Ligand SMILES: Nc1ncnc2c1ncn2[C@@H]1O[C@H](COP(=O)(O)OP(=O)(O)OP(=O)(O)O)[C@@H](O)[C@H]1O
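There is one chain below, alone, in structure tokens, taken in the form predicted alone.
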Amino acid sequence: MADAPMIEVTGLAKTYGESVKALNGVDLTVQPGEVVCLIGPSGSGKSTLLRSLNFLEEPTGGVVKVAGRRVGFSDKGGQARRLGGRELAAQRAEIGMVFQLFHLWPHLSALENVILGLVEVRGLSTADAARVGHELMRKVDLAHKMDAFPEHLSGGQRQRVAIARALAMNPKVMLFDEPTSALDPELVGEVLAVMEQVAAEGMTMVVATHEMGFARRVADRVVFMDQGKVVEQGTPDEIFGTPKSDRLKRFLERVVA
């Protein structure tokens, strides 16, 4: 029997106001250990889709399941009940998220940022959490910056701390929302290298990115979005080598040198 999908998205919709359809009936399945890259123009729905996967955006319609469990709701007796704050926090802890702008606590050191969730959400002692944190800071090549505060870190270093913080919770899935778009060009490579390492270790990943080279190298599947819909998806060779839709062909003409 084939493995059950790690992520199942069915008929996902998100409308703002009366007319803005950020997502318009998105269906997406991600298998365990699969790396899926979302590409498309700004405003195509990539970030909204990612934020819906961990209920930072509450969908207008449709269903999201992660590891077989509906995100944001419990189903009891055929009735969907919205999760309360603690339940939602526990569910989100299994869905790691790395944002464009880091979102580190400025008054905490790099190590303290990494272990905060382990102490506050998982209930680990500070000493046990610190052991995990030390290992992860070494993993992202920042063992020498454990005591540094965010203001004393480069953008690339801050993003690597953010990745370590998400990994600390031992999530089932990692979501990356354009994690390099706020970085100076010379810092992009160090973040992508850590992401490639995480992918190589078998983590299920969904990555919204403008880095087409990364998508080519690392993705198992590339999903092209436009106007809140999945227009086309396939392997990197299929998407970049033999695009089918005119919309994807026009997009690639603009973004691929």
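Remember, predicted model here, so these are calculated numbers, not experimental data. Just count from 1 along the sequence shown to find any residue number.
Below: the form predicted together with this ligand, not depicted.
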Quiz item: Between the options G43, P32, G61, G189, which residue brings a heavy atom to within 4.5 Å of this ligand in the model of the complex?
Solution: G43
Quiz item: Which residue, K229, H210, R217, R70, has a heavy atom that falls within 4.5 Å of this ligand in the model of the complex?
Solution: H210
Quiz item: Is there a heavy atom of A22 lying 4.5 Å or less from a heavy atom of this ligand in the model of the complex?
Solution: yes
Quiz prompt | Proximity of E112 to this ligand in the model of the complex, heavy atoms at 4.5 Å | solution = no
Quiz item: Is there a heavy atom of N54 lying 4.5 Å or less from a heavy atom of this ligand in the model of the complex?
Solution: no
Self-check item: Any non-hydrogen atom of T48 within 4.5 angstroms of this ligand in the model of the complex
Solution: yes
Quiz item: Taking heavy atoms and a 4.5 Å limit, what residues of 178 to 202 are near this ligand in the model of the complex?
Solution: E178
